[in-house]
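First comes one chain, alone, set out as structure tokens in the form predicted alone.
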């Protein structure tokens, strides 16, 4: 019997007895990891081919008997093709769907965010089955955000094309923001560090000493009352007789200090970012 070329494979008769392949009965769809049973009518022996995502195997079968495809060969979701070559070759296709959700891949942005910022925190969740297939069927994902004992967000979004997402504001208090995505008993947790926003109500005090003027801030907070992180720069400027001098000082333990060289009358101001402090009018030494 001459070779038959069908579906990109070469089907060779495996015995001198004729093998008559009839239509293949296959399910339209299956679930990843579960067994699939095919029915192939006919008589004699034939060559069986299974072609799918990441798999291609072949073996000899007896026509007229059921063919059972084990779940471990159908782990990857996608389209599969079955080809049976007797005389003639026949084919069928079926789709393997992802299994139920087994884990959640959860991405949250950013990892560090200032307090009281609108639309500052966002996250996206992707449900996967136990074989790492993205679950495309709609899945309700519950998003929960909590800062300390306060709940900032508790809402459920249904996945679309395998993804569900949220966007919300940061809280008013600095500290860790607990972010959770959950489906039934499956969950994924992330932490966003909330930090103080820009300084607010910068207040300056100063006094003369032997070398000039020692100027410092009162404890620096943002507009929500959170202490501004140490290392934040405060710029002090002294204007004495038309001569300006500037000292940049980092906040340490909540306060910024600078020594200004000014023996005569001087006006001293301070600023951090876009926030200006009060002016100090210091008389001559």
Partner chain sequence: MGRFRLNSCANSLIALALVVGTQSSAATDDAIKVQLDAAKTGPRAVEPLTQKSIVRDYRGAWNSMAAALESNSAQPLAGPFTGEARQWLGQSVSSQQKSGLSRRYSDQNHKVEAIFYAPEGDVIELHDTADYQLQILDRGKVIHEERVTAHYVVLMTPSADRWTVRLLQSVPQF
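None of these values were measured; they are calculated from a predicted model. Positions refer to the first chain, counted from 1. Superpose the two forms; the largest set of C-alphas matching within 1.5 Å is the rigid core.
Unshown form predicted in complex with the partner chain; subsequent notes refer to it.
Checking 41, 223, 55, 255 against the partner chain in the predicted bound form, a heavy atom within 4.5 Å turns up for just one residue: 55. With the partner left out here, the partner chain still marks one of 178-186, 198-206, 107-115, 142-150 in the predicted bound form; by a 4.5 Å heavy atom cut-off that stretch is 107-115. At a distance threshold of 4.5 angstroms between non-hydrogen atoms, residue 214 is out of contact with the partner chain in the predicted bound form. Looking at residue 170, you'd find every heavy atom of it more than 4.5 angstroms from the partner chain in the predicted bound form. Not displayed here, the partner chain is approached by residue 122 to within 4.5 Å at the level of heavy atoms in the predicted bound form. Using a 4.5 angstroms threshold between heavy atoms, residue 51 counts as touching the partner chain in the predicted bound form. Of all the residues from 87-112, those having a non-hydrogen atom no more than 4.5 Å from the partner chain in the predicted bound form are 89, 91, 95, 97, 98, 107, 109. Once the rigid core is overlaid between this form and the one not shown, residue 51 counts among the residues whose Cα shifts by 2 Å or more. Superposed on the core, the two forms differ at residue 91: its CA moves 2 Å or more between this form and the one not shown.
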